[in-house]
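Have a look below at one chain only, the form predicted on its own, in structure tokens format.
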Amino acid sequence: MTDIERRHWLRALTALPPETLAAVAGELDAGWAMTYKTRPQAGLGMLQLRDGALHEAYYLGEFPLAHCWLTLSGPDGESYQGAAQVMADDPDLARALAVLDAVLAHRLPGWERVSELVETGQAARAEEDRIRARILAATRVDFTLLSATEAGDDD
């Protein structure tokens, strides 16, 4: 079982190709009766922020959002829920992620495979984070040198 917290699974899984996720989810949901709490759907989300000076709410912008919430039920009558919200215009991806969430969260058959996907995705995200940190460090400006030069100009 992965040591990665459930709240990070989605970020890790979305580092992988959607085709891979759909293929694995398609194999793992076979044999389960699937019902939707929320059907897979895509739309736009709106990001609301509050102005720091006047404390008035405003919308920064829109972003694509897909989500799904489902229940997998077995022949024994037990049921297991999974859900996903992803910044993408792809309801099939949200459905696949919800299936993978249910399988891993409840350790249903095939959870080891999903755990490996989460680990692989987490490694890809860690590498991406390292690259971004390196780019950020390269663009950092040291203003202390500028103030030392200005102080020297006054002399």
Partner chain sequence: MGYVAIKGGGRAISGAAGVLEFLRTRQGESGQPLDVHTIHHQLSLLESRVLSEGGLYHPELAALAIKQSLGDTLEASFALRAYRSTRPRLVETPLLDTRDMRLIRRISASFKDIPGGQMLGPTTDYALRLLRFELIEEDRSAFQAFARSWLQEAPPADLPDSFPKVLDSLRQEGLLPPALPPRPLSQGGRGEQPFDITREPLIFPVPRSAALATMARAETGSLLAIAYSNMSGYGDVHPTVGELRVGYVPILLAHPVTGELVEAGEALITECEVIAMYEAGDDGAKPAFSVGYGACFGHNEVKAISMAVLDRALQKGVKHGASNPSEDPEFVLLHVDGIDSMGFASHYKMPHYVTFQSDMDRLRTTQKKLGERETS
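Positions refer to the first chain, counted from 1. These numbers were taken from a predicted model, which means no experiment stands behind them.
There is another form of this protein, the form predicted in complex with its partner chain, and it is not shown here; the text below is about that form.
Within 4.5 Å of its partner chain in the predicted bound form, a heavy atom is found for every one of 44, 59 and 101. Its partner chain in the predicted bound form comes within 4.5 Å of a heavy atom belonging to residue 89.
Although the partner is absent from this view, residue 64 contacts its partner chain in the predicted bound form, with a non-hydrogen atom inside 4.5 angstroms. At least one heavy atom of residue 50 is located within 4.5 Å of its partner chain in the predicted bound form. A residue is said to contact a partner when one of its heavy atoms sits within 4.5 Å of a partner heavy atom; residue 79 fails this definition for its partner chain in the predicted bound form, lying far away.
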